[in-house]
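Shown next as structure tokens: one chain only, the form predicted alone.
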Amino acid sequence: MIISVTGGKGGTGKSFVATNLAVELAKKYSLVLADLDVEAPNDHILLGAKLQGEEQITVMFPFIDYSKCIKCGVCGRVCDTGAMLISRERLPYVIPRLCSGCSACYYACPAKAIISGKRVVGKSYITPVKIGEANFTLVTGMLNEGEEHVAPVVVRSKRRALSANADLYLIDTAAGTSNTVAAAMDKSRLAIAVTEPTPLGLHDLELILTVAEALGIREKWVVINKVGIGPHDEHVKLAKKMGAEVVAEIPYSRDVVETYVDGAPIVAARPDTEIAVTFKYIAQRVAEVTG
């Protein structure tokens, strides 16, 4: 079963929810936590884990054999990212950081003047995590600095996560509602949208629930984090209107900040707190869904 922890807006606390929920669920299930916020992955920091098992992620990169090039310009016309420039002399040049590795130019070239190479755009890690009674696997996707194209790293990191044999796959998505967030959420049975009691939190909650609906995700839950910093009545109304259930309200708390600094999940560091008990409740609800 695949569960996505998402939220639309950044900074709502989705990684906080994902990591603590992973620790609780791993006490009962074999579990893989996939951090697919590849531009700023931080689950390993919140878990106090050192990344291991690095694998490079590459995309196709076109090299030009100018001895075969007939200066037709087809490669430039089929490139939809602007990576293939055609000079005044009608010769093609490639801007590496703009190239998505789609291979359109390679297949379109009538003179077979394009050679298929590879370029490293990121990496993934697979890290065993043990926290108290919880043992699980953390898969982390990480985009190289300065890279433009996120999708290959998200897709390949998710594929690596799903290749591990587990009862539950917990996906921590990036912020926003882009196609890469949708790719991370795809095939999830349950989406947990983490929001905050702010106008932007409300706005993006509606967007991410719309994405979940479009993906055909059957179960949609809402966790309202940082309760107390503002009103959240409208968040509750919106969730009900869009067929989602508010399963938890987590108060803004100094305990959370201090466990962040310590690099330890609150369910392990302070198991008797109200927030830790809330995560135990969410984990129990997940168990009911899995049957």
Partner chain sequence: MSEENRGLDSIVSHRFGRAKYIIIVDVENSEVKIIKAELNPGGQAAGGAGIKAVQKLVDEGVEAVVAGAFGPNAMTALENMGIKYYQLQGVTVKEALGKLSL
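Please read these numbers as outputs of a predicted model, since none were measured by experiment. Numbering follows the first chain given and starts at 1.
The next section is about a form of this same protein that is not shown, the form predicted together with the partner chain.
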Within 4.5 Å, heavy atoms only, which of R119, K71, R189, R97 is in contact with the partner chain in the model of the complex?
R97
Of these, E219, E148, E206, E213, which has a heavy atom no more than 4.5 Å from the partner chain in the model of the complex?
E148
For the partner chain in the model of the complex, the stretch among 164-172, 129-137, 85-93, 177-185 with residues bearing a heavy atom within 4.5 Å is 85-93
Does the partner chain come within 4.5 Å of any heavy atom of N144 in the model of the complex?
no
Just checking whether T81 would be counted as a contact of the partner chain in the model of the complex - the rule being heavy atoms within 4.5 angstroms.
yes
